[in-house]
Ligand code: ADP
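Single chain ahead, written as structure tokens, the form predicted on its own.
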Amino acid sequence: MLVIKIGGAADIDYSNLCNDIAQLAAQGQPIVLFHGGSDGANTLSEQLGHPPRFITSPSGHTSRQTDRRTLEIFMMATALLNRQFVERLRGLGVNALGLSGIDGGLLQGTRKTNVRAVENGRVRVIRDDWTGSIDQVNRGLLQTLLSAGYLPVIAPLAVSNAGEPLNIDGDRGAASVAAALEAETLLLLTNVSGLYRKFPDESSLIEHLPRTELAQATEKLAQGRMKKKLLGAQTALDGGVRRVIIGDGRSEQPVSAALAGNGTIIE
């Protein structure tokens, strides 16, 4: 089992990704595709007059400030991207099926009652927040789809026990899915070649990272969104996934290249 997470950055060619997935699927490789949607959400937010806002937690992690209107825009943007992935894959002969974590209670989570953010050197509490963390994956639903020959394409939303939609971190979402399915590999594709020892120097790419050094790398080496990817990697490994690869989603065959050893392998 291979779970692929593709980020939502603007400079990733989704056509190359879908072509690569189609070739692997034709060879019998079971795959689940989990996608982001940050760039599309940013663009749509600007178009609708509700510009995106980002906050930094006291621990240094950056995330989208998600009020109810932002959540609605995020749902629209990720739904469009989800349908575009399904369209591309089905056009290549892949029996893709699109859904979000809300559908069928695929990803069940807890809404954060408040979020702490650092602003101008001070910590403030944000209460109108619609983000959450994943508590449970509906493994049976995914297994049913996979057994029926579908390739699930998942948008990064979860549902609370109260039925509320939640914006979730895509890397951790994919990690939770990979752990629930007991996947051999979680592949996190992004717009860089992997984890760099000296960002953004590509020659400092770390090709292999022992799990024992993951926490230190998250604290000392990771910059920006890479921190979230390493946290996702930790979630996956803790859940029993054997290896996590952080690969370059911009390459011509991003999945095949990563599985061949290009990127940062954590195991």
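Throughout, we count residues from 1 along the sequence that is shown. Given the structure is predicted, the values throughout are model-derived calculations rather than measurements.
Keep in mind the form predicted together with adenosine-5'-diphosphate (ADP) is missing from the figure; the text below concerns it.
With the site C-alphas superposed, adenosine-5'-diphosphate (ADP) from its pose in the predicted bound form puts 3 or more atoms within 2.4 Å of the backbone and C-beta atoms of the shown form; the site is blocked. Of the candidate stretches 24 to 32, 194 to 202, 237 to 245, 43 to 51, only 194 to 202 has residues whose heavy atoms lie within 4.5 Å of adenosine-5'-diphosphate (ADP) in the predicted bound form. With the partner removed from view, the residue among 189, 157, 106, 174 that has a non-hydrogen atom within 4.5 Å of adenosine-5'-diphosphate (ADP) in the predicted bound form turns out to be 189. When adenosine-5'-diphosphate (ADP) is considered in the predicted bound form, residue 223 lines it closely, a heavy atom lying within 4.5 Å.
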